[in-house]
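Let's start with one chain on its own, the form predicted alone, as structure tokens.
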């Protein structure tokens, strides 16, 4: 396939674990090409992105200037896509910059506030530029969330436990927040109080999301990304759990998002919206 017909992709956070996995899969995908790789850790500056990702030289050097890479993306015949796996403290500015340059962002970094998502949605709408914010790219997570919505019709009590590696900077996870939001939109309040609770140590009961849903966050080495949802009723417990054992599980969702975002004119939040 000629380069002129390939989707040009910029990966921000190129040297991170998800960034490397994304570069690797793009290099193996016939309808995409890696146009640029951005990483703020200076030790990777100038190195070949493919070599860092472990898939062989791609002749794409890692840069630490996102703006210059976005400018390069605007010069392509096909509108470029930026995949962001960076950090909560930079993802908002990265996404806004991509939209400003007409480069369609696919955001896998979590930690954006509701206000920031609202602002980015309005900005993308004005720019008529597609954007995707995806708390979790794994298809199995979407299936778990859909099962949870069905369970919520029959259970009034539930709690969410999310477990991630100890290098994850934000808590709760974007997936847990998104799941709680979906459940809150069911139009009911969960976990009716039975006693007046007292936390002997603050935070013992986790955090409180909308409609009285509790979320508990675990951070330990050895985990990748996991979520458990426990529904309780008289005489029964119903548990839904999804475990990610390899980051390759996220890649079908990443590729789907890259292709779909090129067809959008506004921002969409959640993988389930494009399946």
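Residue numbers count along the first chain shown, from 1. Since the model is a prediction, treat every value here as computed from it, not as a measurement.
The same protein also exists as the form predicted in complex with a small molecule; that form is not shown, yet it is the one meant from here on.
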* To do: Report whether the minimum heavy atom distance between residue 170 and the small molecule in the model of the complex is within 4.5 Å.
  => yes
* So in the model of the complex, does residue 110 come within 4.5 Å of the small molecule, heavy atom to heavy atom? -> yes
* **Distance check, residue 165 to the small molecule in the model of the complex, heavy atom within 4.5 Å** => yes
* So, in the model of the complex, is residue 225 in contact with the small molecule at a 4.5 angstroms heavy atom limit? -> yes
* Structure fact -> Within 4.5 Å of the small molecule in the model of the complex, heavy atom basis, the matching stretch of 116-124, 68-76, 200-208, 135-143 is 135-143
